[in-house]
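Below you will find one chain, with nothing else, as structure tokens; this is the form predicted on its own, and questions on how it binds or moves follow later.
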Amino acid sequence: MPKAQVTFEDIGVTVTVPAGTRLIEVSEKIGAGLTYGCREGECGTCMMKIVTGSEHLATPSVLEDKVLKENYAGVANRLACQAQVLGGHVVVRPG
């Protein structure tokens, strides 16, 4: 099974996960303390900044794109409950 690496810049932790894992699942696995609400991509609470590696994430869904726009998110922001890591190395931080 393909693997991916995710680094949480704020706490300095890097983990290897199966491709297809959502960022929120990685956060929970390592105890990164990511704040979240609905886990369905509707509230925007779990917004994160993708520092590097955005090309290794699945394309945002229509719902995620809508919520990001409603929250005036920057181009580097994604919802951790929706963003799936497809491979490579992704560096994230709260935001």
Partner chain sequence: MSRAGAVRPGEPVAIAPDVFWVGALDPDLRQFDIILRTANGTSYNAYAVRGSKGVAVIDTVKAEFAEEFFARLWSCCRPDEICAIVLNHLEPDHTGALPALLKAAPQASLYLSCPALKMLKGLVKESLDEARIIAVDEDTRVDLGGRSLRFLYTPYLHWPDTQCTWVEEEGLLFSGDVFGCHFCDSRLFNDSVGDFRFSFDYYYQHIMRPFREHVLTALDLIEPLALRLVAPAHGPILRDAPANYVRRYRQLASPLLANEAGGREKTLLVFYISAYGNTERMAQAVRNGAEGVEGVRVSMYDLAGGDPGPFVDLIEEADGLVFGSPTINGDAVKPVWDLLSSLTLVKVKGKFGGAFGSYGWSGEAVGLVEDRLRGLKLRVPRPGVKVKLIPTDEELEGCAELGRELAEHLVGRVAPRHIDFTAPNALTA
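It should be emphasised that the depicted structure is a prediction, and the values quoted were computed from it without experimental measurement. Positions refer to the first chain, counted from 1.
Note that the form predicted in complex with the partner chain isn't included here; everything after this is about it.
Decide yes or no: are 3, 10 and 26 jointly within 4.5 Å of the partner chain in the predicted bound form, with each residue judged by its heavy atoms?
Verified in the predicted bound form; spot residues all in contact, yes.
The partner chain contact at residue 70 in the predicted bound form, heavy atom, 4.5 Å:
Contact with the partner chain, yes.
Verify the contact flag for residue 86: yes if a non-hydrogen atom of it lies within 4.5 Å of a non-hydrogen atom of the partner chain in the predicted bound form, no if not.
No, residue 86 stays farther than 4.5 Å from the partner chain in the predicted bound form.
Counting only non-hydrogen atoms and a 4.5 angstroms cut-off, does residue 30 reach the partner chain in the predicted bound form?
It does: once the partner chain is placed as it appears in the predicted bound form, residue 30 has a heavy atom within 4.5 Å of it.
Classify residue 61 as contacting or not contacting the partner chain in the predicted bound form by the rule of any non-hydrogen atom within 4.5 angstroms, answering yes or no.
Contact with the partner chain, no.
May I ask you to list the residues of 43-60 that have any heavy atom within 4.5 angstroms of the partner chain in the predicted bound form, in sequence order?
Result: 43, 45.
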